[in-house]
Structure formats: C-alpha cells, structure tokens
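Only one chain is shown below, in structure tokens, and it's the form predicted alone.
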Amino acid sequence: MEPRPTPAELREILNNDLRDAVSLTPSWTTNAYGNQYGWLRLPRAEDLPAAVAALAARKARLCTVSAYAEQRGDREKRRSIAYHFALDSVLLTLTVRIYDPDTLEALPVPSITPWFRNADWNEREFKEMFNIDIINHPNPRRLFLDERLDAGIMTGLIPFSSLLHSAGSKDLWERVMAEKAGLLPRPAREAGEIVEPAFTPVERTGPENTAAAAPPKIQESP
C-alpha cells in the first residue's frame, strides 16, 4: 500500500493539475500546524468546469458553496461564488466572478453538479433566492419559494409593513403617534368593562401597623 501524500505533496499535485486544466496555480497559506490552504480566483466562469473536473479526478470533496457580494451594500451586484474543496487535509477555494467588470452585467455560471452532486441544492437556492443564472443544471426546480414569486426576491429590500397588512399597519402606527402627541383622545371604555381601582401604597411604620398588616389567625375548631 502506497503511503498517503503529505500536505506539501498534495499542494504540488493540485498546482500541476490546475495548471494543466486552466493555466493557473493557486496561492497558498500555511497555518501553525502545517495545514495548507489554497486560493484560486478564476478569471472567467467558463473556466470553472475544467478546474472542477481536475479536482473531481483527484477525488476531492466539495464542502460547501458560497455566493456573496464583493462589497457590503453593493447596489451594483458585483457578486462572486466561492467553491470550497478538501483533498485530505488540504483545503482549496475556487472563486469565480459572475458579473462583467466593464458593464456590471450579471453573467451565467455553469453548474458543477455533473461532477459534485452535493452542489445541487446550493445552485438551486442561488437561482431562486438571488436570481443567479446557473446553466446546465440537471434539475433546476425550486427548493423553497412558490413558482409564482419572482426569482431573486432575496436581493430586494422588503419593508416590514409589507410583510404584514401594510394599510392596517400604517393606520395603526399613525394612530399611536397621534395619541402620543395628544392629538387623539384615548379610546372610550366599552360598556361593562371592569376598571381596576387606583391603588396608592401607604407606608406603614411601627409595631402596631405591622401587627395590623399581618394576616388573621385561623381559629381551630374544638
């Protein structure tokens, strides 16, 4: 039985495989325990299938997939997808940009489900929640949202009042604010409503008051 490659040897194997597949090699970092972490940003989404096929041939595992905006609060939708792989103890992240850098137009990205079946749910979620165009997916049905809802619904800002009955919420909020400002009288009590009497606490001092405040003793029957 051949010995398993060391992390440093696996790093060189991945360097060679990716160089052959997409003419690029990852950048690497090493932590205090000698673990290897690789990072490779693909310049084009079209390069993704070749890179993924090279990893699948080495029996790498797909850990998860992350879609993200490159800048927080970016209204121009500069989005990328990161694919996180593991080959024994070596971790490699492939990142692909899914927008045109000149026009900021959204670009499609090929599905990697033909090589890694566990990408199925991630890719379907990206499509229905964020309207990312995943092409050549073998089963592009929705996972969570009703088909009548627009794709990419999670990319918009939805006011909380719209999630409820917006007209009723607006009217209620205006009445609350008007009452706080003294512009509206407080609502009259309905007939038959029980009103608790006001209670003003009395400060008791001295032993006689303490005794008077004590609960009465129950006389035992003979």
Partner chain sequence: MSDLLTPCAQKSFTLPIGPLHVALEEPMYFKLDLDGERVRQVEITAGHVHRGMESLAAKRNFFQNVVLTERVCSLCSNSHPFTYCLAVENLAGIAVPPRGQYLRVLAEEIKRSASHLFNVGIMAHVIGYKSLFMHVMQVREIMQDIKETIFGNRMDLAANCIGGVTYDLDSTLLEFTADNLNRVAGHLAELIDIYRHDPMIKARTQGVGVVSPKDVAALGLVGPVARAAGAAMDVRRDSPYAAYGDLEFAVITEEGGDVHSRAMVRLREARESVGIVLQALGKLPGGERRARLSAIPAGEAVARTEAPRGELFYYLHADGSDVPLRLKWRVPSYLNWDALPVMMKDCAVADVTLIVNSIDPCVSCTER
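Being a predicted model, the structure only gives us computed values, none of them experimental. Residue numbers count along the first chain shown, from 1.
What comes next is about the form predicted together with the partner chain, which is not displayed.
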Answer for residue 63 alone: is it within 4.5 Å of the partner chain in the predicted bound form, judged on heavy atom distances? yes
Under a 4.5 Å heavy atom criterion, is residue 130 part of the interface with the partner chain in the predicted bound form? yes
At the 4.5 Å heavy atom threshold, is residue 122 in contact with the partner chain in the predicted bound form? yes
With a cut-off of 4.5 Å between heavy atoms, is residue 86 one of the residues that contacts the partner chain in the predicted bound form? yes
Of these, 50, 67, 56, 45, which has a heavy atom no more than 4.5 Å from the partner chain in the predicted bound form? 67
Mind listing which residues of 33-64 have a heavy atom within 4.5 Å of the partner chain in the predicted bound form? 33, 35, 37, 39, 41, 61, 63, 64
